[in-house]
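Take a look at this single chain in structure tokens; it is the form predicted on its own.
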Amino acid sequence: MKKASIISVGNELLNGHTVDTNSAYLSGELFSIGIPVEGVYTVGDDISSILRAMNLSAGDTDVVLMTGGLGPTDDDITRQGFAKFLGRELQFHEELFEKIEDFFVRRDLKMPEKNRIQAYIPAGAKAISNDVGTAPGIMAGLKDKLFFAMPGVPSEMKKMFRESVLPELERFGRGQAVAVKKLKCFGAGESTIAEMIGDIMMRGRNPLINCTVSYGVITLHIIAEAEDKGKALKMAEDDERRLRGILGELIYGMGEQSLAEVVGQELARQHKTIATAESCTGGLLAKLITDIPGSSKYFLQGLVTYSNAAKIKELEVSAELIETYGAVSEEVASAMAGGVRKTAGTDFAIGITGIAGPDGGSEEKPVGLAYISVDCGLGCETRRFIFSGDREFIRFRTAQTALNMVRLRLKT
């Protein structure tokens, strides 16, 4: 199977001033046409570094895509590195120069002399048209491999890739296909899920199962390779069914679905409504719910009752309850959920109280402690959790867990 490498060039990528979004974009586009990315390299504006990355890439893969370093300034030396890799001299192209010059003329500007370097490309290579900027791309073949250099400016790179590079790669990659299925899981850790599915995650297997983690959400990527899209898709679907049989309700969605989206869809389907009362999450849960278009159909009210006084006034939590058990307690979380459900008149309500840190914890009630209560009128379920991490992680994980509790309650 033909594979690709990506080389991002620029000192600004190494010093943290610029985030490399080009590699992520190109990886996704290549994957969609069945050419997986084997490696991504980030190098500075240095000919020896560019040459080393090209040699490594050419040794491992069949396609090499470079972005950046095609500008007119002295630090833009990708074309020189490209030429050295090919063992060829840079050649001046009059037609490229005229096009670059016309770019400035149409804007009533005088072209700086430095832009002349952009009309040079390695001998025998093909220039790739750039209708957005002044830097033409470069394409060359060597030993049954394809090499491309594109501008680093994302808007220029994307247009050039879609219009000129992608068609070349689609022809080059005929006879191979990749299909991907993503299963989203919540409610168990990465290692637990890995133990449950066992040998299915074995390296070298086709389909390959990869796993990523973000704020407690485990995403299983099913990656199937075959000679055509239909066969690859069937292989991925077979593994999907197998994983669903093993993981059951731990799987909450597919693709890019969020917990908030899945919960919202189910609330709407069942014609149910929900309200929230939050303390330590500070309205984050309500935000996640209302980030979903159409959430007004089921989300009626959200209260942030951060202080004890607010809990007493807005949710009718008794002062005696808070005094006896503390604001961070199972009893108060339950009272918060019941209070907001009564106030809003909803089918479901969530109450959250906890200690997000970094201060405020104790031996009895440590930082990361959260009580989450889900009240549906027929009963109130309250659970105690201790989450590790910084303040942002604790708050987000608490809100996600609350959504998952509602999701599971909606299944009953």
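Keep in mind that this is a model prediction, so the values were computed, not measured. The term rigid core refers to the maximal set of C-alpha atoms that superpose within 1.5 Å between the two forms. Start at 1 and count along the sequence shown; that's the residue number.
There is also a form predicted in complex with a further copy of the same chain; it is not shown, and the following applies to it.
Remark: all three candidate residues (T18, G28 and L56) come within 4.5 Å of a further copy of the same chain in the predicted complex, counting heavy atoms only. The stretch in contact with a further copy of the same chain in the predicted complex, judged by heavy atoms within 4.5 Å, is 287-295, chosen from 319-327, 264-272, 287-295, 233-241. Using a 4.5 angstroms threshold between heavy atoms, F103 counts as touching a further copy of the same chain in the predicted complex. At a distance threshold of 4.5 angstroms between non-hydrogen atoms, S307 is in contact with a further copy of the same chain in the predicted complex. Although the partner is absent here, Q257 sits far enough away that none of its heavy atoms falls within 4.5 Å of a further copy of the same chain in the predicted complex. a further copy of the same chain is not drawn, but in the predicted complex it has a heavy atom within 4.5 Å of P112. For the candidate set K126, R88, H221, H93, a heavy atom within 4.5 Å of a further copy of the same chain in the predicted complex is found for exactly one residue, namely H221. A heavy atom within 4.5 Å of a further copy of the same chain in the predicted complex is found for exactly one of E168, E314, E331, E225: E314. Taking a further copy of the same chain as it sits in the predicted complex, the stretch 65-87 comes within 4.5 angstroms of it through a non-hydrogen atom at P72, T73, D74, D75, D76. Once the cores line up, the CA of A333 ends up less than 2 angstroms apart between the shown form and the other one.
A370: CA moves less than 2 Å between the shown form and the other one after rigid-core fitting.
Once both forms are fitted on their core, the CA shift for I352 between the shown form and the other one remains under 2 Å. Relative to this form, in the predicted complex the C-alpha atoms of R205 and I7 separate from one another by 3 angstroms or more. Pairwise change in the predicted complex: R205 and S57 C-alpha atoms lie farther apart than in the shown form, at least 3 Å.
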